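Single chain ahead, by itself, as structure tokens, in the form predicted on its own.
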């Protein structure tokens, strides 16, 4: 008998089970655990502390009366505008890696496979980082994952050009899609990766993305997450990252659109002298909700983490930042810093910021802070006094506010694209 609190989960399971492809790159035990978790815990609602401002049980009941997996193919021309000229562009269409729409791999040292083909490896790491008993949406991914992408950079290979994975959804009816990736950097490897999310269909989509990233000793992953899924997408984007000794993970997430966007970004520092950076920038309007949840889990000594998240909220939209720095008792000599800065452009918008420190070691340097306010009146007056119009002055100040995050993008064409996009948003 399914408990009342898990009826929404059961409805989703029943709706998509008939059309969902069988997941056989995840162990049977893990899939069974996923269903057990969903039956017992259900979909998070406002009573779940971690989803206090993002009541997915209510959202799913209101916005999706039924779930399907009814998608359509797309032409290469429809995706062309999202490709980066200086990058290797890979396409995951409706949750499945699409080799025909992807660029050919022209550099050595990198392996690209779909998860189904990769499952022949007895040492498959899929679901070794993202466990079903940690979160409902991780459990859903383990139960109903699409045939996503496995990307591996071999030992001591520095990939000379960026790789971009474009996750494209195109639904015919209100649908559930589960794109997934596993990114593995072997020892001494380096990669710059962009993960871009777009929706080009005319039906609503609930997108449940899950990425596991394993960064081995002395490896370095610079990554960018670009979210531009439009007003028909409701998404949960989960990144779970494990860093081994002397490794570096540097992520910048730019949220440009999406009706409801929940980002779960967890970095676990399991090797000494590892470094993790998480940066975020979001702009909301209308009735949008963007919810960024981060976790820096320091498990060993001599590691460093930094977080900087910025938000601009307009109309009746809502922005959320909930970040936790967790320092375990053996993680001495930890340096960890966290900052959330936000601007409210309207009286009806809302920002909910909750930076957290949970520290069990006694020899650490950790700090966090948050600030929320309106555009600086003195700065606005200064610009207007020099002949700059009100609208232009506000744009200049917002651009200056955003640039601290945008400047972290090292791919020039991507940086220019984001700047152009933001210029039209202000």
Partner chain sequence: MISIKNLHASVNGKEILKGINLEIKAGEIHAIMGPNGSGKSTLSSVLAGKEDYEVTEGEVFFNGKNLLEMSPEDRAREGLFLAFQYPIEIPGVSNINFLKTAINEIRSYKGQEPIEAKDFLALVKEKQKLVELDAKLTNRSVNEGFSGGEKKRNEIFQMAMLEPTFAILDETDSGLDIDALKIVANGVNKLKTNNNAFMVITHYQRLLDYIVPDFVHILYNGKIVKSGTKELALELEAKGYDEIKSKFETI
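Values in this document were obtained by computation on a predicted structure and should not be read as measured data. Positions refer to the first chain, counted from 1.
Not on display, but discussed next: the form predicted together with the partner chain.
The partner is absent here, but in the model of the complex a heavy atom of 397, alone among 60, 31, 397, 364, sits within 4.5 Å of the partner chain.
Heavy atoms within 4.5 Å of the partner chain in the model of the complex are found in one stretch of 365 to 373, 41 to 49, 388 to 396, 62 to 70, which is 388 to 396. The partner chain in the model of the complex comes within 4.5 Å of a heavy atom belonging to residue 403.
In the model of the complex, the partner chain sits within 4.5 Å of a heavy atom belonging to residue 383.
Of the heavy atoms in residue 379, some are within 4.5 Å of the partner chain in the model of the complex. Contacts of stretch 145 to 175 with the partner chain in the model of the complex, defined by any heavy atom lying within 4.5 Å, are made by none of its residues.
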